[in-house]
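This document opens with one chain alone, in structure tokens, the form predicted on its own.
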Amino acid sequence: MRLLRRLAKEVLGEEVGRKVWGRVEIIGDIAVIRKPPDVDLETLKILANELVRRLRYVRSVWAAVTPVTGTYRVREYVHLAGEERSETIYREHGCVFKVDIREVYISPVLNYEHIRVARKVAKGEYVINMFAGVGLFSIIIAKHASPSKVISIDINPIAHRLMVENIRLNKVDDVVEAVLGDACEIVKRYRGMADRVLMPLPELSVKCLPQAVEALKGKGVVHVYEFVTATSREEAVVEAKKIFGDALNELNVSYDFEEGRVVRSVGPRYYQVVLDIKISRRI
């Protein structure tokens, strides 16, 4: 990141470089620049060409010109420099993943979160990942823990196809099962089977919480993710606990917040928060 910061400021100047450098993500051999509202594409192309010229590991550069939107959680992109290719191989925690930035959601910012959750999985656990994408959480759990099964669900057919490939690439097909469909409906097939449920899609975590709870055995852990407006990181965690506490109070459960943390800041006073919630269903 220091190299990117120095390069952005050198090429674009101090003021513009400061707006841009923190918006650059490296995914495999592709650099993605999340376009600031007040920086035009021609300016970004100057930086993009320098990234390709100076950084040997960058072969293609794209600008993300919209937020993540839609059922499949993707952005719109504009090619800036290098190879006009959106597919790449992304590596994380000893695993390899085929991805296509234009077709699936992928963010290196979740790198720590993937391994943090994997380290919490006990031997023999039955895990359900409700919003799996190309399978990062699911495969990293399978490689770094010893679950009995990981059910890995996603509604995006391209993400599902890539997930199937990634399961095979990482040789975890005896543990991870890729399922295509609406997770909030699919998860009903697994009522009372899971020790742990992941819900890494903030837009649907509260809405689909009842189905996740029903998927648990008598007790288990649900990892929920939510976007929260707050004046500080500490307040963001408190606010997320209130949101999910209110939702859980409407269900026939007892619960305890095991851990809560800010995953990242996504805007001024706007945070992504994860809560690890231990839940007991009153059957």
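Because the structure is predicted, anything quoted here is derived from the model rather than measured. Note that residue numbering begins at 1 and tracks the sequence as displayed.
From this point on, the text means the form predicted together with a small molecule, which you will not see here.
Stretch-level contact analysis of 166-174, 120-128, 81-89, 67-75 against the small molecule in the predicted bound form, using heavy atoms and a 4.5 Å limit, identifies 67-75.
Residues 105, 110 and 204 are all found to lie within 4.5 Å of the small molecule in the predicted bound form, as judged by heavy atom distances.
A heavy atom within 4.5 Å of the small molecule in the predicted bound form is found for one listed residue only; from 95, 155, 145, 115, this is 155. For the candidate set 136, 151, 187, 162, a heavy atom within 4.5 Å of the small molecule in the predicted bound form is found for exactly one residue, namely 136.
Shown alone here, residue 141 lies farther than 4.5 Å from the small molecule in the predicted bound form, counting heavy atoms only. Contact annotation for residue 183: at least one heavy atom lies within 4.5 Å of the small molecule in the predicted bound form.
Contact annotation: residue 132 falls within 4.5 Å of the small molecule in the predicted bound form, judged by heavy atom distances.
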